[in-house]
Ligand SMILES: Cc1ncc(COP(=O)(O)O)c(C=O)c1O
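For reference, the chain that follows is the form predicted on its own, supplied as structure tokens.
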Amino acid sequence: MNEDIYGIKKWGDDILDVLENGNIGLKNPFFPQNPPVDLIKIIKSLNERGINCPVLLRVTDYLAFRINQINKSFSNAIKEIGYKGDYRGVFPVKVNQQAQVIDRIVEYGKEFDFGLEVGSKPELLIALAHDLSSKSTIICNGIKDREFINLALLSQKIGFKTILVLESPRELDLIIEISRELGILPLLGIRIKLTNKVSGNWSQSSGDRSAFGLSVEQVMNVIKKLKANDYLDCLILQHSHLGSQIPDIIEIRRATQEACRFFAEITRQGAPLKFLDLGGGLGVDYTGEQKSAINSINYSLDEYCINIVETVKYELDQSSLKHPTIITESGRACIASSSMLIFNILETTNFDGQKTEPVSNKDHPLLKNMMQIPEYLNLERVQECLNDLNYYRDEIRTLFRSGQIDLPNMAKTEETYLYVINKIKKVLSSSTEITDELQVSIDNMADIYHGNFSLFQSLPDVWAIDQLHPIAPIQRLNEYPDRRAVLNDITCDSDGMINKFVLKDGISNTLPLHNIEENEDYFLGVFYIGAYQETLGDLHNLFGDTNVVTIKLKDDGGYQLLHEQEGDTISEVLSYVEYEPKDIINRFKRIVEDAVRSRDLSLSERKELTLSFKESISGYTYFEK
């Protein structure tokens, strides 16, 4: 099968390819001519090392490439438009705080003076523990207490350009007080609420009703207070968060234009602003649709950069102002593509059947009617057949509940229903035009593939806000997928289901998958999960962090294992919820001893049971072979 039904060429951003053997290959974006690395070979190699699925796979080349792309696109836009200022990006630590990620962002971004944005004391400590370039900035957003401010000011003494962004008027009084105590003038920024509100899942983070930033009235009050305390010269940065995952380039232009108007007016008040921080907004095209939609964007990276630089230049030229250094906080676009979740399918629940028992004299008349449906089934009458099938089954179920049909008839009814459903699916598979009502019926007949992962731990945004991440099998892509399915995770929660999927032709309620042979290892990949998913995950059913592996693609088409992090053990997740593992073991031992004393348990059984308990408590929280 050569058809790309999963849309990999659309959303794969030229970093994924389908190999001749049907497996997904990882392409090196720096060396696209190199042979792609077979993802199945990577997973099998990891299994041989004892690193089992589910596994979060990080590819450092994809992170380095995106940092390179963003910086070079802004550099090209600055040259093309004749902008007189610079660009300096920062990575918002909240998007992915993992040490292996931040270390590499700092490493790959150093040549571009790439900085960090922090929103809490722990994140500030992370930033200050890294060897940033002398020109890079640490942007401090969020609510700040005395300890936060004290540390940020003192960090200037050792060369950090740590900018305290005012989120509220209250913070200014505290900053001035601590600044005078320490004898250190602060580097200040001011966060302004723009009136422009963007669309998308995070529209509430923009507009004048957003949670953070100052209103116009508060901005004026802050400027007055800065002047009164001789601190106006400390105000060097204006921060205006355009929004997150903005789908429409026009919205980016409008928000940038409004931010520039504030910049011009604050400069006229005497503030020596040098930096214009436009926050986040640069989106990821999760679906490959290239349109203004919640999970897509209607612009390229180059278009984004040109629109921002062109708008800033035009607006500030109109005000005869010097061009500032542009800062953006493009966390999602920087990191999303660098991580993928690989998990295996444990079992399937198929909602159709290949056989049924022949008609018997003991069969109820309604059951006999159901068994005759295939005799008049064709494409023109498929809706009629489906209606009849559902009617007969519902009537028989009613009779069973009232005691008028026995268990053998009921079991044969359900078997026949699945058999006829299979016939209906085959008839519909030959048609490209299906009514909405029939499509809903088909979706309701989809198989359930049970995956070895926790939706709540690894893909929390899918559960919480219906975020779409591309999902596809990572093997057998040269075979036609003969099943349609939804995905269930390993938790015992009905919410642990994925039923929206990215395909070549758009968004579907079911995912085409292959029939799985007995004992076959069948793996799925969930792509573009580098942003937010790792830290937002929770411990539903006490499934912990998965195994994590970081690799680098080699020039010869191979890969190098850079780092591995074992997933949480049961012992670790128990400690997260206030259980002491040793205490748990001792409690169990007491219960076992009581059973031995009452002669319910032999000494050899005691040994086996205690050993099994200890082994389990140190094991992986996910399904293990």
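On a predicted model such as this, the values are computed, not experimentally measured, just so you know. In case it trips you up, residue 1 is the first one in the sequence shown, and so on.
In what follows, reference is made to the form predicted in complex with this ligand, a form of this protein that is not presented.
The closest heavy atom approach of Thr550 to this ligand in the predicted bound form falls outside 4.5 Å.
A residue is said to contact a partner when one of its heavy atoms sits within 4.5 Å of a partner heavy atom; Arg397 fails this definition for this ligand in the predicted bound form, lying far away.
Looking at Arg332, you'd find a heavy atom of it within 4.5 angstroms of this ligand in the predicted bound form. Taking the partner from elsewhere, Glu117 is found to have a heavy atom lying within 4.5 Å of this ligand in the predicted bound form.
Note on the interface: of 522-530, 435-443, 455-463, 86-94, the segment with non-hydrogen atoms within 4.5 angstroms of this ligand in the predicted bound form is 86-94. Listed residues Ser244, Ser179, Thr416, Asn295 were compared with this ligand in the predicted bound form; Ser244 is the one with a heavy atom within 4.5 Å. The partner is absent here; in the predicted bound form, the one residue of Lys161, His239, Arg484, Arg104 having a heavy atom within 4.5 Å of this ligand is His239. With contact defined as any non-hydrogen atom lying within 4.5 angstroms of this ligand in the predicted bound form, Asn141 is the only contacting residue in 121-154.
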